[in-house]
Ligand SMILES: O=C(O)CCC(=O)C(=O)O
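This document opens with one chain alone, in structure tokens, the form predicted alone.
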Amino acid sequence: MLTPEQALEKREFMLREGYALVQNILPETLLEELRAETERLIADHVEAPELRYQGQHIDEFAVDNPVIDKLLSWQPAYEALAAMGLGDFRPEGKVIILTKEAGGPPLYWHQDWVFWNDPLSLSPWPQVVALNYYLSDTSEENGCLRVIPGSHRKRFPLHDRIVPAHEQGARYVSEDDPVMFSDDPDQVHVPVKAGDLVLLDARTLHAAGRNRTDQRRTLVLAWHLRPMDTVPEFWQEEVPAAIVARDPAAEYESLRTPGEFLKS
């Protein structure tokens, strides 16, 4: 359980850096359940060649799977979110099982925000967050998460050099691409322990390294969204004018590439 001081510190870190780590959110009993269930699903799954950089990429819905339903109802995780002032986030109802296979390739640089045409791209608070539950310890050796801190709200050189994420091009780049798999001077590594939770703002640039070990590492990712037409209760500072003037009934064309709303 986070103390009020810890929760505030983590929220401020996330607002500033675009991610946050909450340790020991899953007990060993639930970890074992999730490991067994994900391994069962992986055993029956054929990895698509175009998803080789993401490893096994399996969508699983809570309504169809009691173990996943248990994870998406796990109170300690939602208590941590509430303590951080993020209690208005709700899960999509499914997870994505992601692996870094033994000897598997790195994951390219990308961000997952698809609303860059929307003034909400300017929001000082997160709107869409990935809850990444790690079932394995991670390190640079087995391809831990890498992030560009602050890239959710500030334009970095990498933004204008990378290929658009996932199906819009990044899945098909060569593994020797000098940009998509580069070491970036602004990057930080985020090693974790099994049972830890990493919160990641969808706008944050991130990647993962190659797995140089002979063991698979697995995480379960669950996207969470908050209401698009409200300001979080904790936010007491000025709201960007473009968000104040935003028409909540308007429809904004999907766009994965940052535009005018991501400032230098």
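Treat the numbers as computed from the prediction; the structure is a model and nothing was measured. Residue numbers here begin at 1 and follow the sequence given.
Although it is not shown, the form predicted in complex with this ligand is what the next lines describe.
Not displayed here, this ligand is approached by His110 to within 4.5 Å at the level of heavy atoms in the model of the complex. In the model of the complex, this ligand lies farther than 4.5 Å from every heavy atom of Ala62. Contact between Leu221 and this ligand in the model of the complex is found at the 4.5 Å heavy atom cutoff. Contact check for Leu98: a heavy atom falls within 4.5 Å of this ligand in the model of the complex.
Checking 38 to 46, 25 to 33, 201 to 209, 225 to 233 against this ligand in the model of the complex, the stretch whose residues place heavy atoms within 4.5 Å of it is 201 to 209. Comment: this ligand is not present in this chain, but in the model of the complex one of Lys94, His159, His166, Arg153 has a heavy atom within 4.5 Å of it, namely His166. Between the options Val114, Val128, Leu81, Leu145, the residue in contact with this ligand in the model of the complex by a heavy atom within 4.5 angstroms is Leu145. Residues of 53 to 89 placing a heavy atom within 4.5 Å of this ligand in the model of the complex: Gln54 alone.
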